[in-house]
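Only one chain comes next, encoded as structure tokens, the form predicted on its own.
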Amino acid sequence: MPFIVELIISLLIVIGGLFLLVGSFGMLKLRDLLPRLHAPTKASTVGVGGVLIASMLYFWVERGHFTIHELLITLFIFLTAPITANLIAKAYMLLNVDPHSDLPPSKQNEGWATFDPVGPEGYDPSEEYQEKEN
């Protein structure tokens, strides 16, 4: 294997490992849920992507054929991590945020999408928050 390819693979593994380390450190040190979501979805996604791309490059150079497994795993992680973080953040907001006092005005007629009434009966999630306070 040529030296330049070994160097590129090594750099991808080291950079991926550093991003994974930063993501793990963020999970340990950050106290609240929303900042904790930032660490694994951003840093760890790039870290795992770097390691998987290094693996793909290694087997392409070593065996002479391109494997698509690592690429599919990388794409799956890049697609699912932000969506999962968004759903967890919305669930957190519905449980812990009062839309009348904790959020700025939306400057539109509709309001904030997470807190808009749902369903034909006009269910308003903010009513549950007000009931918890009483």
Partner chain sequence: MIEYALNFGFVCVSLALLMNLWRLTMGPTTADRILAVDTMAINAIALLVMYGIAKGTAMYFEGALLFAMFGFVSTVAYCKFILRGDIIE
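Rigid core here is just the name for the largest C-alpha set that superposes within 1.5 Å across the two forms. Residue numbers count along the first chain shown, from 1. A quick note: this is a predicted structure, and the numbers were derived from the prediction, not measured.
Unshown form predicted in complex with the partner chain; subsequent notes refer to it.
J.: Is there a non-hydrogen atom of H100 within 4.5 angstroms of a non-hydrogen atom of the partner chain in the model of the complex?
T.: Contact with the partner chain, no.
J.: For Y92, is any heavy atom within 4.5 Å of the partner chain in the model of the complex, or not?
T.: Within the cut-off, so yes.
J.: Though only this chain appears here, would F59 touch the partner chain in the model of the complex if you measure heavy atom gaps against 4.5 Å?
T.: Looking in the model of the complex, residue contacts with the partner chain include F59, since a heavy atom lies within 4.5 Å.
J.: Even though the partner isn't displayed, in the model of the complex is R63 close enough to the partner chain, meaning a heavy atom within 4.5 Å?
T.: Yes, R63 is a contact residue.
J.: R36: with the rigid core matched between this form and the one not shown, does its Cα shift 2 Å or more?
T.: No.
J.: If we fit on the core, is the Cα of A91 displaced 2 Å or more between this form and the one not shown?
T.: Result for A91: yes, a 2 Å-plus shift.
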